[in-house]
Each structure stands twice: as structure tokens, then as C-alpha cells.
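Presented below, as C-alpha cells, is a lone chain in the form predicted on its own.
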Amino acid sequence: MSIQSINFEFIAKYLPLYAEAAVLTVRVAAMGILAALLVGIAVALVRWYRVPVLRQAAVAYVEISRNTPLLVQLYFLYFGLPKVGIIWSGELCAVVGLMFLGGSYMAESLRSGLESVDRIQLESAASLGMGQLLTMREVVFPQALAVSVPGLCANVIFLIKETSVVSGIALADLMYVTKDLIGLYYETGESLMMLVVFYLLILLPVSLLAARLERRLRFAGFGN
């Protein structure tokens, strides 16, 4: 597509619509990722501490979550739950779906970080009179988090890109707006160009921040 063939009038007209969709995309992604991180921490700790029953439930959750597509999970939440009287908004379904999917990926990244910490450090901390909570907070978790950062950052980027499927439950995100405009006006090139630009505006800062964080940790001697 040459510059001369670009319909700048169309772009100018619908740029505000894309901006609104981008705000929605960022809001859903931010809430879903934060919730996923909290779920991931809880699941990783349950598996690391080998809590009876809960450990088996955590393993089952990780397997179910990672082996079902996000779109299927969203359909279950948006179309399936109303069959039993539970009706959620599209935005809430999107956040819960991202939390359910992302929680398992966050959990696996954090679990690998926890397992990288030598358990002899627990014994050393206990010999110094440190309780379990203090040992986790001051000894184990900081080391595990440093090792897990690359995986966590990759998961954040992955989940932001996964927001592209929430249009399947009629949520007016960037992908929904793009498909709608293409269907109405057949301005495919301009619509896709704006889609790519807005996703780059969202993802590039996150990628650069993640790369900088990883470099700082590497220079500090973590993650080796």
C-alpha cells in the first residue's frame, strides 16, 4: 500500500475510536495481569510447600488452564455461566479469563524460581531463629523473584497480546474495532495499520522496560 493510496481522512475520523479501544485493552490487560500474578504466587507457593490436597488441585488447575484456549475459556464465562444464573459483563469475563490463563503461566515461572533456591537456606534460616514467613519474605522470595523475572515479563507480553481474542465476546477492544470497521467500510489497509500502530504503542514500552529490568538483574548478579 503506497502513501498516496492511504485514506488519511478515514484514519483521522476513526483514530479517537481506536484510542478508546486501546484504553479498554490496556485496562483489561492490566487488571487481568495483576490478578494472574496474585493467583500465580498463591499456586506456586502451594506447590513449593507441597500442601496436601491443595497441591493436587493446583496441578490440575495449571494443566486445565494451559491446555485450553483463552477463547474457549471466555466463551464458557460469557455464554456458559448465564445458563446457571451467573451473568458477568464482557469486561469482567475478559479479566477473569486472563487471570485464569495467566495465573498458570505465572505460577510455573515463579515455581521454577522457587525451586532454584537451595533448600539448605531454609535450614540455615531456621537455625538463626527465623520463622517460615520471615524466611520466605527475606530469603527465598527475593531470590526466586529475581530468577523468575524473565519468564514473568514474557508472560506479561503474552497476556497483552492475548487480549486480541476478547473481541469474541463482543468487547470493543482494538481487534473488535478493526474487524467492525473493515466489515462496514472495507478500508482494510488503514484499519490494520492503526491496529498494528496501537499494539506497538502498548507493547513496545513494556518490552523495553522488561529488557531493561532483566539487564539490571543480570548486572546485579541475579538470574545466572
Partner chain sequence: MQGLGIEVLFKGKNFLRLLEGLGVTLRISVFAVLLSVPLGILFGMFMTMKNPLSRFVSRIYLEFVRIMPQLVLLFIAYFGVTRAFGINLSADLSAVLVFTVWGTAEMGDLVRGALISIPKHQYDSAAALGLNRAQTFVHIVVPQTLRRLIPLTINLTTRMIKTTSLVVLIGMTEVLKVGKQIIDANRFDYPTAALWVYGVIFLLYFLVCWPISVLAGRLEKRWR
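Note that the coordinates shown come from a computational prediction; the quantities given were computed from them, not determined experimentally. Numbering follows the first chain given and starts at 1.
Omitted from view is the form predicted in complex with the partner chain, to which the following refers.
- Contact annotation for Leu92: none of its heavy atoms lies within 4.5 Å of the partner chain in the predicted complex.
- With a 4.5 Å cutoff on heavy atoms, Gln56 does not count as touching the partner chain in the predicted complex; it lies far away.
- Proximity of Arg119 to the partner chain in the predicted complex: non-hydrogen atoms within 4.5 Å are absent; the residue sits far from the partner.
- The closest non-hydrogen atom of Gln73 lies within 4.5 Å of the partner chain in the predicted complex.
- The contact with the partner chain in the predicted complex, taken as any heavy atom within 4.5 Å, belongs to Ile182 out of Ala172, Leu34, Ile182, Val51.
- Note on contacts: among Val23, Leu209, Leu200, Ala12, the single residue with a heavy atom within 4.5 Å of the partner chain in the predicted complex is Leu200.
- Exactly one of the stretches 121-129, 134-142, 81-89, 148-156 approaches the partner chain in the predicted complex with heavy atoms within 4.5 Å, and it is 81-89.
- Residues Ser164, Val165, Ser167, Gly168, Met175, Thr178, Lys179, Ile182, Tyr186, Glu187, Thr188 are the members of 163-191 with a non-hydrogen atom no more than 4.5 angstroms from the partner chain in the predicted complex.
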